[in-house]
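Presented as structure tokens, the chain that follows is alone, the form predicted alone.
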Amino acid sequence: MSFQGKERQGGVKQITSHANPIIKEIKGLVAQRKHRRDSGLFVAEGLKLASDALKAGWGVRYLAMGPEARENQAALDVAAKAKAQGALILEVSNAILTNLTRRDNPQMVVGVYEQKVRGLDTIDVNERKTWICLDRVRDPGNLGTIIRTGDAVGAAGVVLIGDTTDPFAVEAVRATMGSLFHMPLIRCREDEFIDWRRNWPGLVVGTHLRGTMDYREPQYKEPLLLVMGNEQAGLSDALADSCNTLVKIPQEGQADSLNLAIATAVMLFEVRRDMLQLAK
């Protein structure tokens, strides 16, 4: 079965060469942050993510479809929707998919999408939601997991402060498991965030070694900014000073710290617990 019967024209292109310019372009998006930044595009793997992106209204540039996809009705439906929105459908071999994704067992669908990043001025400060604010996150897996966890608890979105890892890196996108397409991303400098935060009407809570309060003690209320620090250094002094409340997550044993994604999850579910109690 083909996406367009025996004819491949218009929005469908068969590619057999690893040296094809489009294949090289996609490989560049996987490998190079600069290429993603300059083009405003990124790569996401899998049929589920392709479906999620289309449902959420993200622009799709290419869908590379392997042989299995051409016999899968759900994949054919996604390809038809993407083509109708102007995407170019690429019929490729499994060898090319492996080359694109650098995985021995690639997904049958690989998509190229348009990035979406907003500014602080797009946040509705009166909306009773929790925003996750991340200071200089370095690990793409941590960032992707936080985005996924934020989606799970119904957070409003994620604010990326300072020099953070690329949320559109393949490792980060994989870790989101599709939540990237549902969670707004805000990017800003530290000084921009601190200045904007002065007009925040609700609570600003950070986790920090200076915190003297157990994270379970505050009565969390929305709107809320949850500010989490860099994996190695924690929150900068300036960001810590901008918080209303600094809390700590008590630990036992010999570990000196929690993984950032786990610590953020602990905080988010504590906030959610308080929100559910307030709603009763």
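Since we're looking at a predicted model, the values are computed, not measured. Don't overthink the numbering: it's just position in the shown sequence, from 1.
Same protein, other form: the form predicted together with ligand SAM, not shown, and the subject of what follows.
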*Which of these stretches, 54 to 62, 221 to 229, 40 to 48, 23 to 31, has heavy atoms within 4.5 Å of ligand SAM in the predicted bound form?*
221 to 229
_My question is simply whether residue 260 lines the interface with ligand SAM in the predicted bound form - judged by any non-hydrogen atom within 4.5 Å._
yes
*Tell me, yes or no, whether residue 209 is in contact with ligand SAM in the predicted bound form, where a contact means a heavy atom of each within 4.5 Å.*
yes
*asked:* Test of understanding: in the predicted bound form, would residue 216 fall inside 4.5 Å of ligand SAM by heavy atoms?
replied: no
_I'd like to know whether residue 238 contacts ligand SAM in the predicted bound form, with contact meaning heavy atoms within 4.5 angstroms._
no
*asked:* Using a 4.5 Å heavy atom cutoff, which residues in 232 to 254 contact ligand SAM in the predicted bound form? It's fine if the answer is none.
replied: 232, 233, 234, 235, 247, 248, 249, 251
